[in-house]
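Consider the single chain below, provided in structure tokens and representing the form predicted on its own.
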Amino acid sequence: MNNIKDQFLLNPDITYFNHGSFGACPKPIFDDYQRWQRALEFEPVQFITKKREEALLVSKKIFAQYVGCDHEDFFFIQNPTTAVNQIVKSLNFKSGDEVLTTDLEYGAMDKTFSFYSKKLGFVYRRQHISLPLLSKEQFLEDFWKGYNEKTRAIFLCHCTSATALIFPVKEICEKAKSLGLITIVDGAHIPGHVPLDLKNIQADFYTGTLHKWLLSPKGCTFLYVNENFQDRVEPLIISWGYEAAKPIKTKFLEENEQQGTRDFSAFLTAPAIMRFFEENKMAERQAACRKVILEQYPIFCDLLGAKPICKLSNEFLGQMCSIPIKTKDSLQLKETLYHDHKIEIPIMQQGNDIYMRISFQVYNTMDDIEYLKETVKKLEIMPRATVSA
């Protein structure tokens, strides 16, 4: 199968191993994005007041089918951090309540919960997850050690940022519901990366990006809310959707889809995204990428004097893997890789541990992998790395 790097807008002089951070948009999808922007500018009033709703509905229905939910149960938003802020503000946790999470969550989410826990008095309990992760049972046992009678909700990522691990959120949500807990899932890395069926997971709140692995333009995320919680979701911005004079949708959607003037063109690209995935046989390409990750992960670990932080399985890994490393200056290492070797790759810190995270997307090649190996050998990133117990 031929490489499709020329369909992306990425700088050809850079070896790009950081799709996981902000994604990369292919030319056909970006062209569709600009087509919507031009339509908006051609007839601003008509487009915003009339044509927007029809175009948004088409995009939402196509996306809803892809992720397994009803199009009336989610709305598009800028990013998962915004979505989680909205969720936490809406749920009104009180002093004495606890929200159970892991110690491997995305930093911006930790900061969000930390801010509101200090303001409202609830406890944000970051339960330790032991690595390497060898089974779902191990994760579930570790996670539920943090539960007690004060726990009101669970929050966790579906796929971690720094460690690139896929968590068993379905099993977590099942037990959480049996305990009467609210379930909140950050699926930023999931759509277009790992198969997603929201009806199967049964989370109360689920947010994920389109602009990472689903290849949309930047600033495109969805927030799904179970119908039992939609009346509790307060809009971050009060605008024309609040107490709408002539509502045409549910209160949940009116309040969250009418929030003043903004460029919503990225929200309308779902049809173009699905066409791109179908025409380029993305499912086959991504399966090949996952195979490369499983094959190369232990090789890079040996090269860097480290051990894998999980069992080598698609159960825990998708198109990303993270290698624990030791370095005196993680920021300088990242800058050296970029400026001196033209490699864009994240060097990420989680607690006391530092990771080199490799994203292998459909535009990457085995030549890219070999170049990274040769570069790593030159840099001599040593001594042997370990993960905190």
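As the structure is a prediction and not an experimental result, all values here were calculated from the model. Note that residue numbering begins at 1 and tracks the sequence as displayed.
Beyond the structure shown, there is the form predicted together with a small molecule, which is absent from this document and is the topic of what follows.
Heavy atoms within 4.5 Å of the small molecule in the predicted complex: which stretch among 144-152, 249-257, 181-189, 266-274?
Looking at the other structure, the answer is 181-189.
Mark residue 161 yes when one of its heavy atoms lies within 4.5 Å of a heavy atom of the small molecule in the predicted complex, and no otherwise.
It does: once the small molecule is placed as it appears in the predicted complex, residue 161 has a heavy atom within 4.5 Å of it.
Can you tell me whether residue 193 touches the small molecule? I mean in the predicted complex, with a 4.5 angstroms heavy atom cut-off.
No, residue 193 stays farther than 4.5 Å from the small molecule in the predicted complex.
Distance check, residue 117 to the small molecule in the predicted complex, heavy atom within 4.5 Å
It does not: once the small molecule is placed as it appears in the predicted complex, residue 117 has no heavy atom within 4.5 Å of it.
Residue contact check: residue 21 to the small molecule in the predicted complex, 4.5 Å heavy atom:
Answer yes; at least one heavy atom of residue 21 falls within 4.5 Å of the small molecule in the predicted complex.
State the residue from 90, 81, 127, 202 whose non-hydrogen atoms include one within 4.5 Å of the small molecule in the predicted complex.
Among 90, 81, 127, 202, a heavy atom within 4.5 Å of the small molecule in the predicted complex occurs only for 81.
77, 225, 157, 133: which sits within 4.5 Å of the small molecule in the predicted complex by any heavy atom?
Contact check passes for 157.
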